[in-house]
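Encoded as structure tokens, the following chain is the form predicted on its own, with no partner shown.
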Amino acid sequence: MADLLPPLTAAQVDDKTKVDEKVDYSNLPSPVPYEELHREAFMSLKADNFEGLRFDFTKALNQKFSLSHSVMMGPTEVPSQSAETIKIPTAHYEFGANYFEPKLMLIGRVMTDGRLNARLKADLTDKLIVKANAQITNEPHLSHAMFNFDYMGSDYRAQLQLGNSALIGATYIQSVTNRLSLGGEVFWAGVPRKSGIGYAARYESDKMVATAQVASTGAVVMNYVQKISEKVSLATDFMFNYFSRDVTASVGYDYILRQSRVRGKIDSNGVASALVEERLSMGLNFLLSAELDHKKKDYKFGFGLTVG
């Protein structure tokens, strides 16, 4: 009788496998950190566009320690009550020092305008990570510091945040199935006396990632990323604030070529942007950035070089 039955096709085998597949709740994967829920969408929709000239040079002194130099020249927007954008020419230099170990990362930056930035990441154990970042500036009320304690369980992540101005926050995300994770956050800022709570969901497969996030501050964020291939992905997002009634939607792409990477997007406000990263040779990259806002008549173009 078995010889008389037709063999199963590949599609029928895949369907049968999906039916027989059961969720092993005792062996769920660890989810992504709560603050990285939208990381795939950000790669396409939040490219590091810039205006003017940028030059970055990094010199490795040994396997763990390196120094960096950055020069940036271009206009800076200033607040204005008119519809037209007002820009003033600026230029500054940034010196940096970096120290990397498998369980320790130290990054420091100092700029000619007086700003000092520092970042720390240390793996205390295999599951507990401490992150800290601080900024010191001459301008009043702009200096800040933040400490994050990130604990990674077998199928969940929890984080405690402590910052200046009596800021306290906590996040938690749990894998519900192999592809679905749910989480929430809560924060309290003592100086302005504001508090908030939020919820998030993330669903991912080999070909797509979908996330949704809502908070009591009025923010609603949803995005979807479709992986066309290993080198091409498309992304879209929707942002809405039910207090101010502001709505923004955008679509973007991320295309990785053999020696270059192209990212771009266009949003519902008519703003189109693109960023091209071309590898000229080993350790030498060329950057080309553009952002066009026809409604505000604001056009931004930039180019740069990255060495090291």
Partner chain sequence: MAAKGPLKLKFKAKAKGSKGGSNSTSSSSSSVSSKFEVIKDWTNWSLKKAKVATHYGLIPLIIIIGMNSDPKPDLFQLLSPF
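Values in this document were obtained by computation on a predicted structure and should not be read as measured data. Throughout, rigid core stands for the largest set of C-alpha atoms superposing within 1.5 Å between the two forms. Positions refer to the first chain, counted from 1.
What comes next is about the form predicted in complex with the partner chain, which is not displayed.
Quick one: of Thr177, Ser154, Ser195, Thr137, which gets a non-hydrogen atom within 4.5 angstroms of the partner chain in the predicted complex?
-> Selected residue: Thr137.
Taking the partner chain in the predicted complex as the reference, which of Gly114, Pro75, Gly218, Gly190 has a non-hydrogen atom within 4.5 Å?
-> Of the listed residues, the single hit is Gly114.
Is there a heavy atom of Met282 no more than 4.5 Å from a heavy atom of the partner chain in the predicted complex?
-> No, Met282 sits far enough from the partner chain in the predicted complex that none of its heavy atoms falls within 4.5 Å.
Look up in the predicted complex whether Leu67 has a non-hydrogen atom within 4.5 angstroms of the partner chain, and give yes or no.
-> Judged by the heavy-atom cut-off of 4.5 Å, Leu67 is in contact with the partner chain in the predicted complex.
Answer with yes or no whether Thr90 is in contact with the partner chain in the predicted complex, where contact means some heavy atom within 4.5 Å.
-> No, no contact at 4.5 Å.
Check whether Tyr242 has any heavy atom within 4.5 Å of a heavy atom of the partner chain in the predicted complex, and answer yes or no.
-> Answer no; every heavy atom of Tyr242 is more than 4.5 Å from the partner chain in the predicted complex.
Mind telling me which stretch in 179-187, 154-162, 230-238, 103-111 gets its heavy atoms within 4.5 Å of the partner chain in the predicted complex?
-> Partner-contacting stretch among the options: 103-111.
Identify whether the partner chain in the predicted complex is within 4.5 Å of every residue in the set Leu61, Phe95 and Ser143, based on non-hydrogen atoms.
-> Spot residues vs the partner chain: full contact, yes.
Stretch 172-206: residues contacting the partner chain in the predicted complex, 4.5 Å heavy atom cut-off | None of them.
Determine, after fitting the two forms on their core, whether Glu139 shows a C-alpha shift of 2 Å or more between the shown form and the other one.
-> Moves: yes, 2 Å or greater.
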